[in-house]
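There is one chain below, alone, in structure tokens, taken in the form predicted alone.
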């Protein structure tokens, strides 16, 4: 039976680049994990092994580091845009570039009182501790004429210790879960949002401000929603983002319900008044949904593990 080549791509994955910007004695860090994926006229390398149209993956790696020096890293999105534009416009066989970036945040270490007087500052300007809240993400795709920028985050763990209920659900002969009228609601947020910036004629978003504001609105919605289900809370998180950030048309969340079960302390003669919980590791409920601006089409993949 004859065969033909289907979708294909290649590139260099997980290029770890750390850029230090020295502003006198004050230093700034950008810490990225950059993956480059290219596609285009690549049939011959698969059929015959001819590398005539192949830009070596080692070259894509070198480009990442050279661009960190040449352009700096203003934001993960801006850096990815520089890379994608370069690969598509500089190499005729390459028709599409996809740049995926994880960003790891750092914050300055506060100085001790004694040392603060010595160095004249409340924080050491060149010493940092890695933030542990979340990993920032972005994916930039460019085909020579249009852009798609999808940003987001993963591993952001949040909890409401009250103002959450779960009752009125379907029950059958296998249901053992008791209805809850005051429970812990906790999840580990994995979210992506798609920007409506698609071509160079549009005004580009302020990527750093957009990320911080999007995260703020998402967290505020989580905290301020009296929740009757994690689905309800998730929808409010996405709706708050779209209502407040005009540059974003689509949000997708994947939220594992990090269950906390009350421990039965009656065998020990103790009453557990919503005080002591068992934090269950697995299995967990997994709640996922896309929230869209009215009139817009969903484009973020349903399975976030492939993004």
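Positions refer to the first chain, counted from 1. Given the structure is predicted, the values throughout are model-derived calculations rather than measurements.
Below, we turn to the form predicted together with a further copy of the same chain, even though it does not appear here.
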item	value
Heavy atom of residue 204 within 4.5 Å of a further copy of the same chain in the predicted complex	no
a further copy of the same chain contact at residue 234 in the predicted complex, heavy atom, 4.5 Å	yes
Proximity of residue 167 to a further copy of the same chain in the predicted complex, heavy atoms at 4.5 Å	yes
is_contact(residue 222, a further copy of the same chain) in the predicted complex, heavy atom dist at most 4.5 Å	yes
Listed residue that, although a further copy of the same chain is not shown, lies within 4.5 Å of it in the predicted complex (heavy atoms), from 160, 135, 141, 198	160
Neighbours of a further copy of the same chain in the predicted complex among 176 to 193 [non-hydrogen atom within 4.5 angstroms]	176, 177, 182, 184
